[in-house]
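For this one, two forms of the same chain are given in structure tokens, first as structure 1 and then as structure 2.
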Structure 1
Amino acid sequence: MSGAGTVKLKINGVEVTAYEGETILEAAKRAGIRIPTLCYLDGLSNYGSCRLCIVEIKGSPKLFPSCTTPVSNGMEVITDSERLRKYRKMTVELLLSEKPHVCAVCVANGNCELQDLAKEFGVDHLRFDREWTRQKIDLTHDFLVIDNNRCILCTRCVRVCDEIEGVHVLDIKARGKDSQIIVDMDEDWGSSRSCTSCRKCARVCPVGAIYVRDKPISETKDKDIAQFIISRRRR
């Protein structure tokens, strides 16, 4: 890949060619360089909320989310360093401290992306006080469940519902620690007239916040559900 419309940068000292307008994360993925992610999902719009994909760019003291930072010619990116591992570990701890993420009693135990990241970054205790309020568990749908006590507000469910299914049943209300996923105009899921019951929200949820009742999460999850969009955009 070379010529007009491309840029050259270095990622971890390796020269990489990327398309103009691509993000650092997209360029790194094509080059086979892994950057940890959580809110990101192939095919969906980039949200940049979790900050797990932060990278260093030489010449700047700041850290940048790789999923929303575009590549540029001559850029030199570092995706793995002691500083980045320290901040990523702290980010996981903060996410775990916001809600009652007790893996042993969670439906997603063993199939949870947040749990996997906690293991990867050696989170065996939290340095932050847990502070949460009990939030609603909606059991009114015939088979879909939303438990806001487990939600990390990555918005994958909101984006897949809007961008892939095209119905925008799910959204976020309120701000800060009071934020939570809602159905339609904050109605019970069982009374929603816009939900198609497609289960896409349950397939992309990285934790145990949305799931299909009485079905193992290992059989429900599908992180590749929106990947077909990427190939279609390149046609």
Structure 2
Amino acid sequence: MSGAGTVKLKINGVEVTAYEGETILEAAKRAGIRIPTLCYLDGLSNYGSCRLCIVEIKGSPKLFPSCTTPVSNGMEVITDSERLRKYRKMTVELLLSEKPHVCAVCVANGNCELQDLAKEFGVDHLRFDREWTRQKIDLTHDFLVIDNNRCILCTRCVRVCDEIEGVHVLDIKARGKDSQIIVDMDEDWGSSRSCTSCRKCARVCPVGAIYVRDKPISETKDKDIAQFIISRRRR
């Protein structure tokens, strides 16, 4: 593959051909190189908030989020280095200490992307004090629950609801550390008239923040759902 519409770049020293306009993450994925991600979800718009997918580009002292940085010809990308690993571990540590993430009493225990990353980066203790937040837990919906005290604000739920389900029930209110996912205009989920109860939000939530009550989470999580729907719609 080469010619019009493609570019050549190097990822970790290996030459890779990619489509013009593709992101570094996509190019790496096709080349079989895994870059850790959290807010990225195939099929949704790229958001660039978790900063786990950062990579180095030769010739620049800056770091680049691979999920939003487009490839260019001759680019030399490094996806793994001591500095990157140190920073990714810091991100996971910070997320774990931002809210009361107590895996033992979390529905997502064993099926949580944050937990997986903590294992991957060897987070065995937290260097920061945990915050014991008291954010909204909404139990009013028939079977869907949101517990903001576990939310990592990746907005996968917001984006899947807006971009795939097409209703934009969910959004963020407030800012900074007080940011919270809300339903409609910050109303109870149970009284929402816009929610179609499609569960897409629960299927893409990487942690235990949005889940289907009384169901094993292993059955309700499905982070490929957005890509699956898009590919079906295209047929």
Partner chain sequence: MVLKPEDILRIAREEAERQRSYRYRINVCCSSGCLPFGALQVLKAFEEAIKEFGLQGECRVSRTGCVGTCSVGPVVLIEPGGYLYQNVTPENAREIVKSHIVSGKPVKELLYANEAFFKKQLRLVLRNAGKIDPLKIEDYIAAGGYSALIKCLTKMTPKEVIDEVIASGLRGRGGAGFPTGQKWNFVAREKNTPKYVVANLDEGDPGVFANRTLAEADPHAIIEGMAIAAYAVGAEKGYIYVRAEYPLAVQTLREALKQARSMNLMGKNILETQFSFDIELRLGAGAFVAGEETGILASIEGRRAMPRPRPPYPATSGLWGKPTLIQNVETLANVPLIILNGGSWFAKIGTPKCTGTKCFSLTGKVNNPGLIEVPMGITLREVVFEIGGGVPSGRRFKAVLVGGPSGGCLPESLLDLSIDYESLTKAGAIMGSGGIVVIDDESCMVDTAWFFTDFCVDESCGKCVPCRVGLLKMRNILERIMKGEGRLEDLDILSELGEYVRDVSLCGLGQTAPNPVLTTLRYFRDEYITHIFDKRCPAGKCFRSQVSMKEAP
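Worth saying up front: this structure is predicted, and the values here are computed from it rather than measured. For the two forms, the rigid core is made up of the largest set of C-alpha atoms that agree within 1.5 Å on superposition. By convention here, residues take numbers in order along the sequence of structure 1, the first being 1.
**Student:** Would you check which of the pair is the form predicted in complex with its partner chain?
**Tutor:** Between the two, the form predicted in complex with its partner chain is shown as structure 2, not structure 1.
**Student:** Honestly, after the rigid core fit, is Phe143 moving at least 2 Å at Cα between structures 1 and 2?
**Tutor:** Stays below the 2 Å threshold, so no.
**Student:** Does Asn73 shift between structures 1 and 2 by 2 angstroms or more at the C-alpha, the core having been superposed?
**Tutor:** It does not reach a 2 Å shift.
**Student:** How much does the C-alpha of Glu131 move between structures 1 and 2, in Å, when the core is lined up?
**Tutor:** With the cores aligned, its C-alpha sits 2.9 Å away.
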